[in-house]
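There is one chain below, alone, in structure tokens, taken in the form predicted on its own.
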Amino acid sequence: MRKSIRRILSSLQLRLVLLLLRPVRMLVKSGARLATDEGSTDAGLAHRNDELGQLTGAFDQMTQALKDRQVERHAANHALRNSEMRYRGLFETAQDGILILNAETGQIDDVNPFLTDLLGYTREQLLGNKLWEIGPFKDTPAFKPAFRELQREAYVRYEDLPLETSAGKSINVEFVSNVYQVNGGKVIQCNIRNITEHKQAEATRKESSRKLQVLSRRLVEAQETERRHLARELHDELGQTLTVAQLNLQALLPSTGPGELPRLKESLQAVERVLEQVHDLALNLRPSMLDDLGLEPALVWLTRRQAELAGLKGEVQTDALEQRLDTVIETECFRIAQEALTNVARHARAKTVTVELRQEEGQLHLRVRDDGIGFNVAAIREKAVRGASLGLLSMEERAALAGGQLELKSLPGRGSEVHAWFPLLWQTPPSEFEAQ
């Protein structure tokens, strides 16, 4: 009897153990599938209300979460591989040279084909070397300090760095370096752009501009010399001849009969008008005051004369200059003031015009201001570009010719200002030989 009971209990214990081991084995198999990422990770057990069912449900939730994370990781890895492929494609085909350096040592870890072609070195000759150890950068003593600065500031830029290729050819490059975080570490990317042709073109442009400026300066000097000559011819030759004619007509007045007297007086008045016009022409061509006394007295005379002719109140404010200015600066400054005052008289409907000549921070500044009706600067500039108004372009060209600049300020109803500034250059005093 006792043996039968024992056998029954043993059988029940065996069944109970088998009942417990089955779900555990299934959980183990499911975990193994999860580890190998094969098939379904569901345990395949019913979620009963007992403790084993709760364990099974928790396991299934955990395995599903892990599976979701695996899916996300696979997607991220796929995106990363695509990104790396795109970067590598850009790296290999870039039309600028690219160096990848170790941020700690400065050792070259990667280099793109454009740079090897530019410098004439093979990839194998560059990789593994420090930047300042390779040919093109070897004779640049600033690179070691620049590398330390790059480590500290994470950015270094050279706008124009001269280098020499393996063939001994001199080139100029723009060199820009940045520090980046990659996979928890730091790398340095150096972008190297060949600016040799650009620099040569810029040098050619500057030389052409210099030659053009010299030619324009000589043209203006020749023009002003011709103006001076014409002004003197008008004043000395034609003016004197008209003065003689005026005196002769005046001498005939006492002996002229009543019938001829009106015609004689009319002729005398005509000669006087022509004499005044010749005088005005001579002054407009080249006032002798500008040559004899300099810019300040000439501006005072010009402002008062133009204001009187236009019925305006003219004011002049000038700083005392140490000596005579460079001839071209004197001439162009005077001509800009002359053009600006003429425009005020013709168009501004102003009551007051002010001319200022100041020395500010090593420059000569001319300002011509009025309280007139003003104008739209953009519209005037557009007309000037179309060739409908040459006054503005003429003033800008004159300022540029003297090495300066010009700015026009105005608003409708708020008056206007012409502001020109020039380098403060003085006339070279004549030598003793020239003075004699």
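Please read all numbers here as calculations on a predicted model, not as lab measurements. When you see a residue number, it is the position in the sequence shown, counting from 1.
One more form of this protein, predicted in complex with a small molecule, exists but is not displayed; see below.
Peer 1: Any of the heavy atoms of Leu401 lying within 4.5 Å of the small molecule in the model of the complex?
Peer 2: Contact check for Leu401: no, nothing within 4.5 Å of the small molecule in the model of the complex.
Peer 1: Considering only heavy atoms, tell me if Gln246 and the small molecule come within 4.5 Å of each other in the model of the complex.
Peer 2: Although the small molecule is absent here, Gln246 would stay clear of it in the model of the complex, with no heavy atoms inside 4.5 Å.
Peer 1: Considering only heavy atoms, tell me if Arg123 and the small molecule come within 4.5 Å of each other in the model of the complex.
Peer 2: Arg123 lies outside the contact set for the small molecule.
Peer 1: Though only this chain appears here, would Ala348 touch the small molecule in the model of the complex if you measure heavy atom gaps against 4.5 Å?
Peer 2: So Ala348 counts as contacting the small molecule.
Peer 1: Counting only heavy atoms and a 4.5 Å cut-off, does the small molecule in the model of the complex sit next to every one of Asp291, Asp326 and Ala337?
Peer 2: No: no residue has a heavy atom within 4.5 Å of the partner.
Peer 1: From the candidate stretches 340 to 348, 203 to 211, 168 to 176, 225 to 233, select the single one in contact with the small molecule in the model of the complex, where contact means a heavy atom within 4.5 Å.
Peer 2: The contacting stretch here is 340 to 348.
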